[in-house]
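Form predicted on its own, single chain, as structure tokens, below.
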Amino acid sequence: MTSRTTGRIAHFLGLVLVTACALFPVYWMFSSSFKNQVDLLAAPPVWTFTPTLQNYVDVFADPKTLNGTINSFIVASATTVLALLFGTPAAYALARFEFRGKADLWFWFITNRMISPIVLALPVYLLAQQARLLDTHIVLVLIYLTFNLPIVVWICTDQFRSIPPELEQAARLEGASQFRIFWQLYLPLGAPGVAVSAIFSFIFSWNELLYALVLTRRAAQTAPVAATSYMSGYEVPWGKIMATGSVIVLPVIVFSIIVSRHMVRGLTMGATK
């Protein structure tokens, strides 16, 4: 009993340590958004301070923050919807059908995540310039699909493979069409994987900075780009940057809470048989 209790205590302390390490940057960002510039630049760091809302007042008074947040929401939502619309049928086909080149197609989806965005930034910029798509939502949605679609296919394929094929056979005996089997059987049973892939797709699109910085100017400027625009060669207003970062993080937290009931099951799929 003593050994078991010690193990539980050690396990608990380990979880507390990992949780603290994960949440500390979030705490530091939120707390810094309520500090003035003097407290932010103090050395050693100031832990007790008089909070101020001036950073948020300045951020929301600047129209580029609101416009950037709206642009980020449009791009992230459109990317997530399109990634699910195209990715879930592809995942169903990879999970349940055998066809020539299946292994190569699966390998192509997986290796798309191995390409560094900085390598593609210049070619994508030149293509967007020739297509006259610079500073538009369309170019961001298209480029974000290139790294979000493989995520949806990857996660949903494993989720659909865990569904017993006997259910599909029974549905066929009842006269269900291929689309009806996918829509009414695989999507509801694969909801955890679909939800997790939607979360990842939304977060990656919402937080992306490099492509948005290269491909946008004003009209389609996203929230992360708006946050970096506060920096100049003479000043780095960390209070405004942290306040903008807090505004950027909040929608993702709300979105994750909405679909949280599917997250645990979706993230642990395949862990047990």
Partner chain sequence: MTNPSKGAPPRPARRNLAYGRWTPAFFLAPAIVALLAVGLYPTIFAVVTSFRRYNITRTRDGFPFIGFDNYVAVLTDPSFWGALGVTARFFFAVVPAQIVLGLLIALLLHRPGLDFMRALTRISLVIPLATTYAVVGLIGRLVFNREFGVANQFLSWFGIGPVSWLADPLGAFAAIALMDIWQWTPFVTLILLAGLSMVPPEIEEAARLETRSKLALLRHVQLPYLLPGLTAILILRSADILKLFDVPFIMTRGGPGASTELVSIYIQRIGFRVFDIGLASAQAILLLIMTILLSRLYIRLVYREIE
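Bear in mind that the values here come from a model prediction, so they are computed numbers and not experimental data. Basically, rigid core = biggest C-alpha set you can superpose within 1.5 Å across the two forms. Positions refer to the first chain, counted from 1.
Keep in mind that the form predicted in complex with the partner chain is missing from the display, and what follows is about it.
For the chain shown alone, residue 32 is a contact residue for the partner chain in the predicted complex, at least one non-hydrogen atom being within 4.5 angstroms.
The closest non-hydrogen atom of residue 26 lies within 4.5 Å of the partner chain in the predicted complex. Taking the partner from the other structure, the partner chain in the predicted complex has a heavy atom within 4.5 Å of a heavy atom of residue 143. In the predicted complex, the partner chain sits within 4.5 Å of a heavy atom belonging to residue 238. Between the partner chain and the residues 189, 131, 120, 171, the one pair within 4.5 Å by heavy atoms in the predicted complex involves 120. Site residues 193, 195 and 198 are none of them in contact with the partner chain in the predicted complex, judged by any heavy atom within 4.5 Å. Shown here without the partner chain, the chain has 108, 109, 110, 111, 112, 113, 114, 115, 116, 117, 118, 119, 120, 121, 122, 123, 124 in 108 to 124 lying with a heavy atom within 4.5 Å of that partner in the predicted complex. When two forms of a protein are overlaid on their rigid core, residues whose CA moves 2 Å or more are considered shifted, and residue 28 is one of them between this form and the one not shown. With the core held fixed, residue 39 shows a CA shift of 2 Å or greater between this form and the one not shown.
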